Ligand code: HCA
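In structure tokens, one chain follows: the form predicted on its own.
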């Protein structure tokens, strides 16, 4: 595995209503780099993006500099402009499905293949050595044409094939099958996966792609992107680090990064958002509290300290006796009545209020 490609500043910036300032782009890129992400896609290679030269220059001065990439249409003017900025990776993009080729663009298979060859030749002539081909709508492509397109890309000298599940219709099984098929046919070719989250499977599909042999997976912070967004950076970094024991990433920095992007986009991070939500280590249910008090591993996949969080046990309508006894002991106020009676009081009061009780309320009841 080579790593993750962050596309927050390209795909994420396409989210309706989202517009990052240059200062925000630099701050976000720096925070992503500090987590240890291997490649950052800074934007679209077009002169319409006036921030790109300054952003590229700023990123070159980071203490920890990942590979810097630009997404690029297969147009000579865009390729020339992208090359002038000196990216480490130029990610060309072409569609593979008939829906996009004929209905959207009014073009043919022959046009796609010719455009690919001309674009790669131009990029190489301009001195670019790492050329990626993003195959748009590859999950709905005709298999025979997809094979021709990949063969033509390899023959032209493309370094990496980036499969885009453009409308998020793949499952973990079909993603694995897609990657495994092409990994077997081209064992020396780098493969990447760009998954959309239309059915809530983008992160799972990205992990499946890596497990099946892909070297790269695309992510965005908070899953930003078109429609339902993309695979979430925080979820892949968390899974790879905390479960698969990858050593490249600093998971303790995920919270500040997500908070920064949430503020920049005007979006709140849900309390139960995986890895960075404020309430993911909060528990009220008696059965779960019993397990946490016996051994936190029973109901936590990783210690909260790994992501700069902490465990919180609440007393409410679902509380059990062990939680009440433990919480009262921590407050230094042992119950004056029997424990079962106190549990009943706490449950009744919480049910009446429609929420867990505050420490001051518990003290009063005790």
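Numbering follows the first chain given and starts at 1. Computed from a predicted model, the values in this text were never measured in an experiment.
What follows is about the form predicted in complex with the named molecule, which we do not show.
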Do residue 194 and the named molecule share at least one heavy atom pair within 4.5 Å in the model of the complex? yes
Just checking whether residue 240 would be counted as a contact of the named molecule in the model of the complex - the rule being heavy atoms within 4.5 angstroms. no
Exercise: residue 153 in contact with the named molecule in the model of the complex, heavy atom 4.5 Å: no
Any non-hydrogen atom of residue 136 within 4.5 angstroms of the named molecule in the model of the complex: yes
Note: exactly one of 216, 249, 71, 182 sits with a heavy atom within 4.5 Å of the named molecule in the model of the complex, namely 71
Of 207, 164, 224, 283, which residue is found within 4.5 angstroms of the named molecule in the model of the complex when only non-hydrogen atoms are counted? 164
So if I measure heavy atom distances to the named molecule in the model of the complex, which of the stretches 240-248, 156-164, 285-293, 105-113 falls within 4.5 Å? 156-164
Are there residues in 3-27 with a heavy atom within 4.5 Å of the named molecule in the model of the complex, and which are they, in order? 10, 11, 14
